[in-house]
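Taking the form predicted alone, here's one chain by itself in C-alpha cells.
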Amino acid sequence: MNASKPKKFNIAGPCVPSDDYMLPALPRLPNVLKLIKSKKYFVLHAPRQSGKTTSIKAAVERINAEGEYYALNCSLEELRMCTDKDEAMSLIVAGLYGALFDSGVKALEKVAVSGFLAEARARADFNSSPVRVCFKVLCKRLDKGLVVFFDEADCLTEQPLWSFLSQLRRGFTERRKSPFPSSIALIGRRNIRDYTAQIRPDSQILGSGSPFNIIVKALTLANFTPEEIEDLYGQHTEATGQVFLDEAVQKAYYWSEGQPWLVNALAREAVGEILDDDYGTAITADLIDEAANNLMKRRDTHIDSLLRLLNEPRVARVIRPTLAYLKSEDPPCEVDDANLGANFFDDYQYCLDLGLIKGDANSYRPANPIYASFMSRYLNRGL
C-alpha cells in the first residue's frame, strides 16, 4: 500500500498522470507513430471522454522527446459555432501561435517570438490562405519536420471547414517544393466521412486531391477490455490495498462494455461515494451494481452530452428501433432494409462514431446497458 495520497478515478477532462489512475496512453494509439514516420495526414476519431486528448498529449510528448520531429497540439475548441470563414481562420492562426508558446519546446517557442507571424501576414496570399501561409513560413524556420495534432477538429463546420481542409490540401500537394507540416492529424468524435458530408450540401466538395482522402485509414480508440479494466482498478488496489473482486471487474465491464468514462465513473462512485473512501472494504459486484444504479438516477455531464445528441433527428431515427433493448445479452435490433431511408447508413455510421451504438448496420444495439437505460427513458420522455 502506498502511504502517499492515492490517485483518483478521473471523470472530468484529460488524465493527469500524477493525479489520476490511467492506462498507458500510447498503446491506445496503434499505428500513429508509424503514420507520422511515413509523413501521412490522418484522422483519429472516438466518442466523447474516451481518452483522445490524454492520448494526444502523450504522443506529442513522445515525439518531442525522441527528437526526430517537432510536435504541436493545437485545439480548435474555440471555433465551436463559428460559421464566419474569416473569423474562423483568424482563430485558427491565433490558436496555432498560442500553441507554439505553450509547447514547452524551446525551438517552437523561439519561432513564435521570431516574427514568423508578421512575415506570414506580409505575404500577398495571406488573406486568401492564412493557415497555409502560416504553416509555410513556420516550417521554413524549423530545422526538423513538424507534426500537428488539431484537437476538437469537429468544431469546424460549413465554410470554415471547407476553407481549412482546402488549405491543408493545397499545402499537402505543394510540400515537395515548399515547406509544410510533415504530418497532420484531425482529432474529434467523427470520422472524416462526416466532415466531408457537411460540405456536400453546399456543393463544395474537396475532391480526390484532399490529403484526408488518401489517408491509410482513420484511427479510433477502442473501449477498455476486461483485462484493461482489471489493470486500471489494480492501480487503486496497489495504492490503497482496497481490492476489486473479479466479480466486480466483470460487472463493471457488463455495465460499461469498456466505455472509459463509465469504467472510471463506476469505480469512483463505488469507492468515493458509496463507501466514502473506506479502503478497508472490498469492491464487490453488488457495489458496482449499486454504483450503476446511482449513475442511472443522475444526469452527470457525460450523460447530458449524450442525451443532447438524441435531439438530432438523424440520431433519434437510428436509436428508436433499439428501445426494446434491455440487457446486453438480448438480441440486437434487426433492421428492415425496406424501410430504410437513403441516408440511413450515413446516420448509422454517425451514431457508431459517436459511441452511441454497437454492431453492424443491419443488426445493432445501444453501446452499453447504462446508455440503453438513458436512451429509452429520454426518447420516451421519462427523464
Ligand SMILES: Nc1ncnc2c1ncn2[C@@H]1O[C@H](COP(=O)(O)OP(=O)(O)OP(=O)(O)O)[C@@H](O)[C@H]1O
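Residue numbers here begin at 1 and follow the sequence given. On a predicted model such as this, the values are computed, not experimentally measured, just so you know.
Quick note: we don't show the form predicted in complex with this ligand, though the next part is all about it.
Would you check, heavy atoms only and a 4.5 Å threshold, whether Pro17 touches this ligand in the predicted bound form? No, Pro17 sits far enough from this ligand in the predicted bound form that none of its heavy atoms falls within 4.5 Å.
Quick one: does Arg320 come within 4.5 Å of this ligand in the predicted bound form, counting heavy atoms only? Arg320: no, not in contact with this ligand in the predicted bound form.
Would you classify Phe149 as touching this ligand in the predicted bound form, given a 4.5 Å non-hydrogen atom cut-off? Close contact is absent here: in the predicted bound form, Phe149 is far from this ligand, nothing within 4.5 Å, heavy atoms only.
Verify the contact flag for Ala25: yes if a non-hydrogen atom of it lies within 4.5 Å of a non-hydrogen atom of this ligand in the predicted bound form, no if not. Although this ligand is absent here, Ala25 would touch it in the predicted bound form, with heavy atoms inside 4.5 Å.
Suppose contact means a heavy atom within 4.5 Å; in the predicted bound form, does that hold for all of Gly13, Tyr21 and Gln49 with this ligand? Yes, all three are in contact.
Go through 274 to 282, 261 to 269, 165 to 173, 292 to 300 and give me the stretch that gets within 4.5 Å of this ligand in the predicted bound form, heavy atoms only. Going through the listed ranges, the match is 261 to 269.
Among the candidates Leu117, Leu232, Val133, Leu76, the residue which, in the predicted bound form, approaches this ligand to within 4.5 Å (heavy atoms): Of the candidates Leu117, Leu232, Val133, Leu76, Leu232 is the one lying within 4.5 Å of this ligand in the predicted bound form.
Taking this ligand in the predicted bound form, which residues of 52 to 75 have any heavy atom within 4.5 Å of it? Sequence-ordered list: Lys52, Thr53, Thr54.
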